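Listed next as structure tokens is one chain, alone, in the form predicted alone.
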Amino acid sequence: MQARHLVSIDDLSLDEIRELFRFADEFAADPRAHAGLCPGMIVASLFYEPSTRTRLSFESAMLRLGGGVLSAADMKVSSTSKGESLADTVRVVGGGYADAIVLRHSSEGAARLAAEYSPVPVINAGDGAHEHPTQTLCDLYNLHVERGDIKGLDVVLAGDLKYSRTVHSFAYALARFGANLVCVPQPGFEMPEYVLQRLREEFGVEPVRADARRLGSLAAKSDTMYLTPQKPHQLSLFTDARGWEVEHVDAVYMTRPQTERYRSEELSETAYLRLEKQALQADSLRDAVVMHPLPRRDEISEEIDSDPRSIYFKQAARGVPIRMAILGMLLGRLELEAPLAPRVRDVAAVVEGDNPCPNPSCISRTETRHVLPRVAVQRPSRPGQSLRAFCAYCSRELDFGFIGCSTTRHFHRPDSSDLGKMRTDHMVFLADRESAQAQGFSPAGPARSGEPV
């Protein structure tokens, strides 16, 4: 049977996530009572980047389930230093050493690549600035424990929203559950446009400026934004220059500066956002729980560690039962009754031309051996819309002017109705008309009025 992987939070349906919460509740009630679930099974930890909580919580979870672990906490001293590719590594480890692989890697899309080659389940423990689905499940589980229903909650995302993969995954998941997001970024590290675009197009989110006066000192130096999948039409009519008023917050999710991903010109002496005791006295934050994926630096004052609203150490501890549930599911020891998440994009290899992915940190660019660039195509849902394409590894949207067909050698505009008949694996993404003709493609029919052939 083909292995099931957890590469993105999108690989799970909402009902599956709720079932995982139910199993996690059982594991949390008595962590030592489930050693008979996975006896004789082994999980391998392959970490190309440093980790403490994620790696140890997965290993603790597997040991709690009665299994064993193989830990490669620093892949720089492995055969990688001799030039071994990620594809070969997962084929070897999954070919007999382990029953599942937990992978952390610096290149975005690395987990998706590993899943293509691994004969056993691959669990993404963080790939560059892309996604961290198990941290997202841990964060959602904490909201489930602390607040019950996630729908309608108002959650502040604060700090480095540009490079934090935990924030990106968390934002998508919160929008799917119907929660509202209040973005309080460190100046210069706002939520990336591609994240906002996906929130807008897939979840109906309408970003508007937020009136953050009731957030007090937390948002004093930040351009705050409010995003909600609940009130898109209401927000589209909103004209108050001060912004949408943030009246009440259920959770504050702080993040550290992701300096390991900064470019040299992004390193700044500007003081980073800091959550202090005084900030928690703001009207809208009186009932908010304080979360952090850890490790922290100075963005949360130690004086609020003892505040009952601060749950970040509980949050880390709850990573074990939710990861026990994840392992139990992927290893086939827990049966979920919920339907699988639907696949919304067709994926195909790039059969012609250069790698169209614009992301220099994508695995398709950092590891060229055994990596064939792939695209994920999102077809229009109604007439007049344009076909969109994304890198199938790192999810970055592709910029192209025309789409060629590798069989007919004709090229089409992205909004052409003819694309509905074209197979995804026959598509060639072309920058402009000149490059299309240089590669041997010709226009598909008469040009539009005023458009040169």
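Note that residue numbering follows the sequence shown and begins at 1. From a predicted model like this one, the values you see are computed outputs, not experimental measurements.
The same protein has a further form, the form predicted in complex with a small molecule, not shown here; the description that follows concerns it.
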Residue-level question: is residue 295 within 4.5 Å of the small molecule in the model of the complex, judged on heavy atoms?
yes
Should residue 256 be counted as a contact of the small molecule in the model of the complex, where contact means heavy atoms within 4.5 Å?
yes
So in the model of the complex, is the small molecule close enough to residue 53 to count as touching (4.5 Å, heavy atoms)?
yes
Mark residue 168 yes when one of its heavy atoms lies within 4.5 Å of a heavy atom of the small molecule in the model of the complex, and no otherwise.
no
Just one of 89, 180, 135, 107 has a heavy atom within 4.5 Å of the small molecule in the model of the complex. Which one?
135
Candidate stretches 366-374, 141-149, 287-295, 305-313 - the one whose heavy atoms come within 4.5 Å of the small molecule in the model of the complex:
287-295
